[in-house]
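Only one chain is included here, represented as structure tokens and corresponding to the form predicted alone.
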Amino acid sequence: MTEQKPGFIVSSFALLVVFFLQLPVIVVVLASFSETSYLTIPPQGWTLDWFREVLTDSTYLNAIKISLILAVSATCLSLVLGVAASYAIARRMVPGSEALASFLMAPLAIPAVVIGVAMLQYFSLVGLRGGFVTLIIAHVVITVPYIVRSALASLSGMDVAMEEAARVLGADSFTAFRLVTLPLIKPGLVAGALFSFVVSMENVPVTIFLAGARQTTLPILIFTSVEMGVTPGVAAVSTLLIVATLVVLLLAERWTGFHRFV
């Protein structure tokens, strides 16, 4: 019993930490079911009216549409660029591979607000400010590091001999990569793509500097709504985002087991 006691204390402390970290999420979810027109915890009554209001509001639906298109576009482009860069770095196909990897990871270490201001100034100089293409480019910059990190981890754990064997048997470089390498690193790519999608979907600091008047994403809409007063409607759309993210993560984990690369 005395040997198990320290383990019980550590486990209990870990559970308390997890509960503390998830407390804001719990508060938001509970507030989204309140019958009142203002946030109350615990909720006064239970209703789904706020979810119905959000899902029938054209403003929210348009913001969700823009956010999804932006996140999917940025993730797809990041996958193409990130996988190509990671393969070249892992196989030492370019000089200064380590320096290049550090350069591609730099956006993870730079505050998002700094990236947003820098991109605003750059795109203003080249005359691209305010377009949807500008937003996509900016989101690619902040999501590529997640693809590169997961792809490099997958490639470093892969047996290069398998790819070489495919080439010996007659496959060209692209065929060997497509039929051998890509399936082997798929779990890592799924993990990187999910993180990229979530980061793009929830981004505010970069998007708010570059979005035009007709390009209001869901996070920006929530941010501006909170400035005018927090209502259960904002909590409802936040709850929908939480649930959607959780479902996607669970399905992806069941499909690929990507936790090994996180």
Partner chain sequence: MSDLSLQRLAKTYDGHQAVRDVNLTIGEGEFVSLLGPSGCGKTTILRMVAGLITPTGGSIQIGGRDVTALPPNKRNIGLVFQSYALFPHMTVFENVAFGLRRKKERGSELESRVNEALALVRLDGYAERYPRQLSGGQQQRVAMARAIAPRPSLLLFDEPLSNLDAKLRDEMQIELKRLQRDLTITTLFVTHDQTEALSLSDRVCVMHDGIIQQYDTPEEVYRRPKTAFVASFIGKPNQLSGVVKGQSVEISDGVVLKPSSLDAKNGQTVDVFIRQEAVSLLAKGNMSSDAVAATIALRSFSGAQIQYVVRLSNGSELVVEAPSAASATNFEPGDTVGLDIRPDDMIVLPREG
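Residue numbers count along the first chain shown, from 1. None of the values given here were measured: they were computed from a predicted structure.
This protein has a second form, the form predicted in complex with its partner chain, left out of what is shown; the following refers to that one.
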query: Contact segment among 72-80, 167-175, 110-118, 89-97, judged by heavy atoms lying within 4.5 Å of its partner chain in the predicted bound form; finding: 167-175
query: Heavy atom of residue 157 within 4.5 Å of its partner chain in the predicted bound form; finding: no
query: Partner proximity in the predicted bound form: residue 105 to its partner chain, non-hydrogen atom cutoff 4.5 Å; finding: no
query: Contact flag, residue 101 vs its partner chain in the predicted bound form, heavy atom cut 4.5 Å; finding: no
query: Heavy atom of residue 141 within 4.5 Å of its partner chain in the predicted bound form; finding: no
query: Answer option from 133, 162, 125, 84, heavy atom within 4.5 Å of its partner chain in the predicted bound form; finding: 162
query: Among the candidates 190, 184, 153, 137, the residue which, in the predicted bound form, approaches its partner chain to within 4.5 Å (heavy atoms); finding: 184
